[in-house]
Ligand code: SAM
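Just the one chain here, laid out as structure tokens, in the form predicted alone.
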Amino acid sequence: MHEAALPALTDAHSRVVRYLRLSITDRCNLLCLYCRNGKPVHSIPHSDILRYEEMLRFVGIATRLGINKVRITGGEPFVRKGCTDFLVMLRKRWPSLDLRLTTNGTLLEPHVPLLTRLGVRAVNLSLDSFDSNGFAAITGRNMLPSVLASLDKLLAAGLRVKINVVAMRGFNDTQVDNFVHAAKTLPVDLRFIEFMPMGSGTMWGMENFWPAEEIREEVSRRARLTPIAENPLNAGPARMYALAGGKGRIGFITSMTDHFCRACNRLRLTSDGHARTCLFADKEYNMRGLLRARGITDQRILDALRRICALKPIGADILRRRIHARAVAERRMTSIGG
């Protein structure tokens, strides 16, 4: 028997939190420049990573507070043993949950039939280049064939696919033709994401920052774009455009140049059990300690979530204060969770 839902999580800016991004691991089999700067990094000790049972408990508490959309992220989710079993448990316990996944696609192909059976609503596929040399230069691995095979299988299964492209001048800014061709010929949402200065030691700099407005101008030279008006309750951070004669759509996520913080409805839980209410804020709240401590009830964790979400900041304000720093947040994206 399910417990009754409670009043939703609302912050001081009247934003309602309905979306949980749940990282199940910080480990990844790629070395992407914008995340790991092309270098191996120290992983979080296994003992500090939340057990699946602890994650399920947290999701249960979150759903009582009105969170109805959960995205599983990493690192790379399929690197963690038991990822598919965890997805099955999520669907079994919450049949109506809007369940989604973010992956680099390198290990995804054999799991596509399961995602279809589980009714996963959408898969976000990180794919920063359709050129094998460009892909290897960005990710540090020559694994583009595996990703493209996963993409083909997702589309054949009828799953909704969003292709995420981190836009970087000097790395994939010469590949606009390939990106436009993909959006024209495939039924996907291809979304350019402005490169963000996330993580200490980041390679972010104005020399490799490729703003969305410039990308939109480049795309417009190759295809006629028509803005798509989306339901504000369902719209994500991307501003989407239809392409004349195209099967797919193109979008732009302006994380740096035109913020969408006023509509943010997200809560993040890192793989080591820390809640983050804002991507740009290093302030974290230790949920792992509450989940593992004896005698801590779900009600106490629920009350803690209410308190921390009430303090959810405006990320754009944080970015403005730190705009001259090399990093906005000290944690790398692989440990925050996509």
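Please read these numbers as outputs of a predicted model, since none were measured by experiment. All residue numbers refer to positions in the sequence shown, first residue = 1.
As for the form predicted together with S-adenosylmethionine, it is not shown, yet the points below apply to it.
With the partner left out here, S-adenosylmethionine still marks one of 182 to 190, 114 to 122, 100 to 108, 83 to 91 in the predicted complex; by a 4.5 Å heavy atom cut-off that stretch is 100 to 108. Contact annotation for Phe195: at least one heavy atom lies within 4.5 Å of S-adenosylmethionine in the predicted complex. Of the heavy atoms in Phe58, none are within 4.5 Å of S-adenosylmethionine in the predicted complex.
Put simply, Asn164 is close to S-adenosylmethionine in the predicted complex: some heavy atom of it is within 4.5 Å. For the chain shown alone, Ser126 is a contact residue for S-adenosylmethionine in the predicted complex, at least one non-hydrogen atom being within 4.5 angstroms.
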